[in-house]
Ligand SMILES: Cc1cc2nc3c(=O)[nH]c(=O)nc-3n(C[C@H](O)[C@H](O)[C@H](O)COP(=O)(O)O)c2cc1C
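Single chain ahead, by itself, as structure tokens, in the form predicted on its own.
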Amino acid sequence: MNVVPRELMTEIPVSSADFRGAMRRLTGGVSVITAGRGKDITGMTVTSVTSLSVDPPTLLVSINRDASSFPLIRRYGAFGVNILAADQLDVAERFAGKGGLKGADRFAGAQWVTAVSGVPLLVGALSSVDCEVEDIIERHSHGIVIGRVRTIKNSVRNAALAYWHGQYVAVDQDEDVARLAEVSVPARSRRGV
């Protein structure tokens, strides 16, 4: 690992509220991270999933170390990433803690299959990814979990669930592309492009 030592200087402290406000402006795809095996399972809704490498297929997710999923990911060395479709808002809210459900109770109301690693994967998600933990980097309140992709199940669906400005938003490729074409083509025609 190449580390460039440097002294970090923050002249003006940034408040948590200001930082949260800025991050709410960053649109994020909504996923449910699942962890554990058998009846010892839990999960959480996140917008922090990102690809890290294509070769080998690797992704990372940032998870609060106080979250119930974190110790199960550490214990079992695996996690699932379930990228939610636009009509899976109920799943997102349940795994975000709405209704007070915890642990295995969050999985009720949806269909799940068990991945090779033992983690539950959501049937009907845009994509469900089974990951083996490659590394966990702990910084501040969170762990950056790097996962090597073991298996992927993609659906044929196109409409995704996103999170922006503190609200869930449906993003439908077909509908949104058509809307963008409607507003952008006339603008181009008026400019003579």
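Keep in mind it's a predicted model, so treat the numbers as computed, not measured. Throughout, we count residues from 1 along the sequence that is shown.
Beyond what is shown, the protein has a form predicted in complex with the named molecule; the following relates to that form.
Contact here is defined as any heavy atom lying within 4.5 Å of the named molecule in the predicted bound form, and by that definition not a single one of 75, 133 and 138 is a contact residue.
This chain lacks the partner; the member of 50, 53, 68, 151 within 4.5 angstroms of the named molecule in the predicted bound form by a non-hydrogen atom is 68. Screening 41, 63, 129, 125 for any heavy atom within 4.5 Å of the named molecule in the predicted bound form leaves a single hit, 63. The named molecule is not shown here, and in the predicted bound form it never comes within 4.5 Å of any heavy atom of residue 89. Although the partner is absent here, residue 96 lies within 4.5 Å of the named molecule in the predicted bound form, judged by heavy atoms.
Although the partner is absent from this view, residue 46 contacts the named molecule in the predicted bound form, with a non-hydrogen atom inside 4.5 angstroms.
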